[in-house]
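One chain comes next, on its own, written as structure tokens: the form predicted alone.
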């Protein structure tokens, strides 16, 4: 079962190629174009701007999320994405640094071939970093799908998502060190196993869920390493 090849030739744990371009939008305070295979999201950050919306705590900064589909009008699914993104980003931003301000994160879907929400979360995190928004830590998101035979597959595409029994979108704290680090990992074990956001759909047993978390956590270190290197490379080019 573990050696099952997927329709696109990947193994169950294999991620699609991903890429990140820093600050492609010059009018935004920070932006990122994040791609996972043919799923591409452009995230733009504007702010912090003075003032918060009615109902928001003026003693903290507020995060506003605007989702723009590739085509058509925003629907119920997109509204849910906005809510999940807002909760996730609020949990990682240091909201007391710029109280009574609003930071807007605008997401434009460029291409959707599955795992769209995780791609958008990764794009948002990178864009916030490029904008210089104070963060407690970075995050990485990954989609995990459970097939009818119980096999867990990572970074699902659209064709696979139509055949899944259930799936989970998981957001983890970015690993504090490179996957190539030679440092002992015991002291970071609690941090490494943190789970910031979990969104599940379909019928999923407890064993399936924890299997998704285990597989997702293992794969998240690869995304963490890529994101860290991308941000460091961008910072180096700015300094130069």
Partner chain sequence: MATAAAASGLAGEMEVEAYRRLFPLAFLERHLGQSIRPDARRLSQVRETTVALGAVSTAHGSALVRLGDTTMIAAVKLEVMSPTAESPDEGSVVVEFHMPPICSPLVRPGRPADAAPVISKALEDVLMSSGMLNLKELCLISGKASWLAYLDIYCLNADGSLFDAALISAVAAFTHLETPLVSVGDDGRVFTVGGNEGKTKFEFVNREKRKLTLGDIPFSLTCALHKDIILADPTSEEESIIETYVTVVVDSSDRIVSIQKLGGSVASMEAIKGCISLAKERRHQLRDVLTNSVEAMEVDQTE
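Being a predicted model, the structure only gives us computed values, none of them experimental. Positions refer to the first chain, counted from 1.
The protein also exists as the form predicted in complex with the partner chain; that form is not presented, and the subsequent description refers to it.
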Exactly one of 158, 104, 91, 151 comes within 4.5 Å of the partner chain in the model of the complex through a heavy atom, and that residue is 91
Indicate whether the candidate residues 8, 12 and 220 are all in contact with the partner chain in the model of the complex, with contact defined as any heavy atom within 4.5 Å.
no
query = Can residue 70 be called a contact residue for the partner chain in the model of the complex at 4.5 Å between heavy atoms?
reply = no
TODO: Find out whether any non-hydrogen atom of residue 66 is located within 4.5 angstroms of the partner chain in the model of the complex, and reply yes or no.
DONE: no
_Residue-level contact is defined here as any heavy atom of the residue lying within 4.5 Å of the partner chain in the model of the complex; does residue 162 satisfy this criterion?_
no
So in the model of the complex, does residue 80 come within 4.5 Å of the partner chain, heavy atom to heavy atom?
yes
When the partner chain is considered in the model of the complex, the residues of 43-76 having a heavy atom within 4.5 Å of it are 53, 54, 55, 76
